[in-house]
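So this one's two forms of a single chain, laid out as structure tokens and tagged structure 1 and structure 2.
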Structure 1
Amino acid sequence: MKAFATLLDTLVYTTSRNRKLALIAEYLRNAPDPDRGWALGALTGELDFPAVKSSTIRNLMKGRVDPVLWTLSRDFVGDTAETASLLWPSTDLENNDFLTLTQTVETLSSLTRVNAHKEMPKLLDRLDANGRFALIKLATGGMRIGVSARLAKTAFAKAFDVSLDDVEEYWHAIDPPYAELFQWAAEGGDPPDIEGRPRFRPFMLAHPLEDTRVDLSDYAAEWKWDGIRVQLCRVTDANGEAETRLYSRSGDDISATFPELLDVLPMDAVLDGELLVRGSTQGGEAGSDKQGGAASFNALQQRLGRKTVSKKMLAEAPAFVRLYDALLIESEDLREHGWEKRRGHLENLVERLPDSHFDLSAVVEARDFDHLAEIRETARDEAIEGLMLKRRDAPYIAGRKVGLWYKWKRDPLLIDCVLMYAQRGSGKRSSFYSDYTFGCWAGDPDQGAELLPVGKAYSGFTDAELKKLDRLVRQTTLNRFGPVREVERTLVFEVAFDSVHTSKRHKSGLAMRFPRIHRIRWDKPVHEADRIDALKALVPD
């Protein structure tokens, strides 16, 4: 546990990507099995200990230190693990036996909601401040140390001089602590036997088009639909048993959230597409003809993240997949073929699939690039994110390769809002008020209209602007609500967002999709900010 804690502590204070790769690789080479496998699972977010939440740690702390001191300290530091690890009453560690990472994982796995509050203190008492920080990060699953799953996998490949593509291929078929993976990469054993196991294959990704122009004789265009990208995988094992799983963009298994898609694929295949829902015609959001029967993202959002789905929700917002690509069909791996050949296979496959659960993302026909730009201008009306441009001869390659796929998103919507509340960030922003809630006027501000919150953003500004905003928040605070500060209504943000929908999340009844700070309007009087009616006018029919 000490080596893992040291690794985390060093990573927190390391900004260089190459240095982080070297640190993780060195740990993986030197740590024993299965400790290094558990560490790799923790860094990639593959471990889950449901009995321990951030609230568990907060409740433990309030029982051991003054609750007011805890609240003030947590607010100032901005990170539960860091605050708790420093405030936890120290014990004499001289006579404590050594606690390994494997022992820690085994203990955390055995905890229940009933006994977690009794057993966690025993673990915390056996560790120093660095160890407590690592334990809490491990238990709650919120690493936030500047290490992505991709970077950790890259470090694994670097540590043992193996192909990252091979690591990605095996990764999702093997569970932590990845004994088969280490046996292959570190010990020179046979590659992991993953035949017959449903597994996620990393998506092929696109670069923003920006100022690039492409020749449509070399590239095909498709709409970029406003849902969530998924991969549907069906595999038949040696016993003839078929299993289907649905994966999100990050490789998370979301099968339980969309059970209606698990028994409709009639053959083994791995398919890439956009998950959408059909809106209810009974007072819900019906999908328009323009959208091919798909409801807005707001309707899909009602189903995301649910562990169980009611019959009512299945009936009112049934899911379907708008297919983009085919990676494998009936044991034939198509990824090395160009897009056009894969597209042909996909078009033939769709004819064999139930149209209640699948359809095909249409190719957008245009005379030339300028004509395509004109077509893109209609994307807003059709509730589409924009266009995808795919090189016709491009194989399906994991990750983002220059020149193969481009995303040409529609221009964002813009509206002027007033800063209302601020909250500290996390990680390296934990000392700054970097999360901002903003609102629009419910009427004429000169006639006493109130501001109603419409969104929250924490991106779109420079480090220099963040320092200036943080200073403004501290100097204009009106009220404190736990970690949140209410500020004087003195600053206007020009907010960019992709779309707006009705929502119960805010008092305004509206919620933005992907809001971000486009410009800080230091010069603009707050009474000139936009009104709720202007935002309501942008809600799709």
Structure 2
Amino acid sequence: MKAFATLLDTLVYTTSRNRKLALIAEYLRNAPDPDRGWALGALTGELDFPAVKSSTIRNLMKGRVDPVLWTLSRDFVGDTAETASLLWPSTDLENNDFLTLTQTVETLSSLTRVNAHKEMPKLLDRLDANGRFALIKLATGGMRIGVSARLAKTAFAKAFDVSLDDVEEYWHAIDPPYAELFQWAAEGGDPPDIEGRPRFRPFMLAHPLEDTRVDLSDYAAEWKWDGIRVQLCRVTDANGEAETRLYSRSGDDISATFPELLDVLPMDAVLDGELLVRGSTQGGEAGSDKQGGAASFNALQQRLGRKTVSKKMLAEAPAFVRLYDALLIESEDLREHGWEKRRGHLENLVERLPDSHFDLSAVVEARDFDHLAEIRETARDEAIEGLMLKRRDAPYIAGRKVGLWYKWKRDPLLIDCVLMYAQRGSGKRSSFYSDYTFGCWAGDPDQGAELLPVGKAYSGFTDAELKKLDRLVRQTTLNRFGPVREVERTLVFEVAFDSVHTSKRHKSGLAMRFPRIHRIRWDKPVHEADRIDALKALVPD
């Protein structure tokens, strides 16, 4: 537990991604089995101990610390787990009194609501302040130490020099403490046997098309939809039990967020598609008449990240999958076949799927590349992000292989905005003002109209430009609010963004998607920047 507690504590303070990776990898290489497996489970959020709640800890403390002193301490520290870890009396511990992570996890999993308040003190007594913090975080869930599941898996791959795609592929079929995974990666054993268990297959990804032109006899074109890329996977085990799981692009299991998709696949399959929700914004004109009914990304966003879903939500914004590809159908692995052959299988399959939850992403027919460009230009459907170009004879290969798939996004929208506030970045950028809030004029600036913030960006400039921007911020500061500086209105940014929507959360009533600095207009006078109305005109109806 000592090494794990130190790891957590260090991660709390580390902002650089590379240092985080190095710290986790070092721990995974050096910690004994099965400690390191449990640690990996904790970091990826796969451990759950329902018997211990935050209230369990509060009640424990109530019996041991004066309630006034507890409240004053808790208010100052701001975190129950940390306050409890600091206030719990430390005892002198011999080295072998100190709990191991495995002992901790084993005890935690054996706890019930009834005995948790009796058993937790025994664990707390066998740890120091850092160890107690780790224990309480572990027991109550939600580490919140700035490490995503993906980052932890990347660190695992790095620690043992194995491929991240392989790790992802085995991941969901193996439970903590991942004995078979460590056996394979760390000890050079056989790859884990994962037949009959649902698992994520890494996605095939596309490169931006940029200046490439392709021949449509080699490449097929499909719409790229503005939802979230998902993989739906159904497997039947040896006992005839079928299980369906839904994975996000990063391989996270998001089944619980979209329960309506878990019992609608009538056969075993692994399918690649775009998850969308139904709504009034039509996606109709883009393809066949079956393509209707995708709501805006905003509507989808309401449903993301939830662990439980209300009936109301299921009724108002039901999810469906617009299918792109089939990796596996009824135990036949299609991945080595060319796209055309897989597409044939997929089209046949769709006939057997309920159209309440599935449709097919239509192939876009064009005479030639120029015609395709024209179609892309004139597509006005908001649910379309652009086009995908897929090599007709390409197998389904994990990752981003050059020349097989291209994404051809619609041109970004551009608008001229004025820099209003700047905030310090983090990590390497912590001494630079690198996050910028910018605004558009609420009316005619020459008639005294004010600027209203419309967005925030922290990318799209070079290091040299960042230095220059940082200097400008420091020289033109009007006010300081903690890490934020308000600056004089002197600089125009040409901001690129994918789309803009109405939003009640912003004073301007508008919210941009993916804004980034396109060009810094050192030359442009601020009164020539755009007005809110110009931005409003870009909101889709």
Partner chain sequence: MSAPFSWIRPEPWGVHIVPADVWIDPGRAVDKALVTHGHADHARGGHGETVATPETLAIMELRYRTGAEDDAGDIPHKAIPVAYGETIRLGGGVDATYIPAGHVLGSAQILLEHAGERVVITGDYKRRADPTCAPFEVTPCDIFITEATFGLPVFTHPPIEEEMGKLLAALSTNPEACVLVGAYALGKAQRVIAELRLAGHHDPIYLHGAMEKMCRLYEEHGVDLGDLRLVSDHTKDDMRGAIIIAPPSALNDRWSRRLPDPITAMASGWMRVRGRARQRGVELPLVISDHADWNELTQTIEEVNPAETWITHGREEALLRWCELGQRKARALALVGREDEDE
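Structure 1 provides the reference sequence; residues are numbered from 1 along it. The shown structure was predicted, so the numbers you read here are calculated from the model rather than taken from an experiment. Definition used throughout: the rigid core is the maximal C-alpha set that superposes within 1.5 Å between two forms.
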Could you point me to the form predicted alone, 1 or 2?
1
With the chain broken into two rigid parts between structure 1 and structure 2, is D193 in the part that holds L346?
no
Using C-alpha superposition, tell me how many degrees the smaller rigid part swings against the larger one between structure 1 and structure 2.
28
Angstrom shift of the Cα atom of A242 between structure 1 and structure 2 (superposition on rigid core):
2.5
Relative to the superposed core, what is the Cα shift for A31 between structure 1 and structure 2, in Å?
5.7
Per-residue C-alpha deviation between structure 1 and structure 2 [T15; rigid core superposition; Å]
14.7
